[in-house]
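Just the one chain here, the form predicted on its own, laid out as structure tokens.
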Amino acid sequence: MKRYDLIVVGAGPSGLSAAIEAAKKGLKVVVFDENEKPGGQLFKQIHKFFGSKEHRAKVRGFVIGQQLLDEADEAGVKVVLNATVIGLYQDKEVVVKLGGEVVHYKGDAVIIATGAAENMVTFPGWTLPGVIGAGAAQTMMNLHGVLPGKRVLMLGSGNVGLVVSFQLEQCGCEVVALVDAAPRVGGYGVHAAKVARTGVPFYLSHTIVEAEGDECVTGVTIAEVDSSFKFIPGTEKHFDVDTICLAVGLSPMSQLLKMAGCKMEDNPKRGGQVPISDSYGQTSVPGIFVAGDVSGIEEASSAMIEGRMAGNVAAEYLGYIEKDALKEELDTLDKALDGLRQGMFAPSNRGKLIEKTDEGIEVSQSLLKNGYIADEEIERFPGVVRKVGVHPVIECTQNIPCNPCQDACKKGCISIGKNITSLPIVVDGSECINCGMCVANCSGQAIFLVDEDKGDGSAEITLPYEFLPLPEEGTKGFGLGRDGKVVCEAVVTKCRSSKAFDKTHLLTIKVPKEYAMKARFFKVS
């Protein structure tokens, strides 16, 4: 039987982070993962992460995945792929299926970081080819370069549904509708807003009646639901689609922990059946730890910090670091994790209707119900200002943990302050130099540079743009409003690309000046 100081199950963000921390402390570490590529969900994540520098903010997920792999390799972590862990028994014996062979390993400590699996919902026709999980669609697009379909309906308005809807549009699919039985958008408003301004309609308080088709999906019918989630007769709506994506939540993959005899609980706030553990991942079985979504569904940024915590705790458990050193490490990590768990989307606020921001500003009801902020609501937020000359307009209207815009502006035009969840403001008296770094660095694509009056009856708006092909200078088209509808004619005056922008292109369009605060997307005519 092969022995390691630490066995980690799962080579996703939390598992790799745990392995790196433990290996740095001197442990002999092996990581098993059933997939053919390490990195878990990170290599499907082409969007930029939220948070701060410490959370790897403004870095795209697949880049973070590669960074973790490089760190693991440098630390001497052994990563074994195509390795399915089929058993976790007493005395931390781990049984792994490697090809046609079953191999037994012994760990002095074990960290389970198996992540979560996509939930499904049932409806007539749900087994037809063409009904897939949003994660599966993301895998097809971003790992294998395969279109999931041409016309897609998305069920679910959490961050996964919103992010994948935008990525479907990026790869050339038409998202005909984004549907959710809940009465309000579940994910970040900035994610919803960037989907809405491309023209995707939101149907809240709606869900699927049936998927249509004989051998595959050819259409779908949705209907409005009442407060008891029962269909309201006469509200049916039909869409011709070839794909239905389901983004209806995740469930922790905690089977190994139950097999090992860990105490478990059904906890809806954490995603389902999870192990009972302390703040740093120690389960009821000494020497078995958990990290990431297997212990409760959160964002990948949180999972990485939880992994680092578990790796350090395992190192102390095995005597590789002293308690004082562990406390110092955990104090730093606690502070970083606490920052991510603040604001409107904190775990403690799940399921709650937040009516005002921390600053006392009424939350946009249009954003919650329609996916976009109404024109008459937008100027009540501190990042949206009117002034002469080029200036940033920051349409970030919810308290989410993110501050790259503050760091990006070297002229000090943007401030969030010490609290990472505060709404960004445009600093009085500051002078924008039109460098575009704030636009490119905003993880939510919620910052625009606006010159409201060019002196000839026109205005110029610089937008974040992540679609191909890039429009050339002189390309004519239309400016779309926050709701995705045409508001005016527009012409491209500049398209800037730079290594520093990290594949977020800056598209500058000229519009009639009365639409300077309304046009937020460009569509080629």
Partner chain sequence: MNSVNDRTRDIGPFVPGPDDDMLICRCEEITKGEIRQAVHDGMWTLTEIRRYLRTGMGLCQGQTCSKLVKGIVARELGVSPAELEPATSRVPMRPIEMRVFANEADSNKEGE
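As the structure is a computational prediction, the values presented were derived from the model and not from experiment. Residue numbers count along the first chain shown, from 1.
Not pictured, yet referred to below: the form predicted together with its partner chain.
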remark   = The one residue among 239, 280, 105, 317 placing a heavy atom within 4.5 Å of its partner chain in the predicted complex is 105
query = Between the options 354, 86, 385, 427, which residue brings a heavy atom to within 4.5 Å of its partner chain in the predicted complex?
reply = 86
key: Heavy atom of residue 333 within 4.5 Å of its partner chain in the predicted complex   = no
request  = Give a yes or no for residue 227: in the predicted complex, does one of its heavy atoms lie within 4.5 Å of a heavy atom belonging to its partner chain?
outcome  = no
inquiry  = in the predicted complex, is there a heavy atom of its partner chain that lies within 4.5 Å of any heavy atom of residue 54, even though the partner is absent here?
reply    = no
ask   = Is there a non-hydrogen atom of residue 203 within 4.5 angstroms of a non-hydrogen atom of its partner chain in the predicted complex?
value = no
key: Residues 78, 126 and 258 all lining its partner chain in the predicted complex, heavy atom within 4.5 Å   = yes
Per-stretch contact check against its partner chain in the predicted complex, the hit in 304-312, 245-253, 322-330, 287-295 (non-hydrogen atom, 4.5 angstroms) = 245-253
ask   = Of 93-110, which residues get within 4.5 Å of its partner chain in the predicted complex if you count heavy atoms?
value = 97, 98, 99, 100, 101, 102, 103, 104, 105
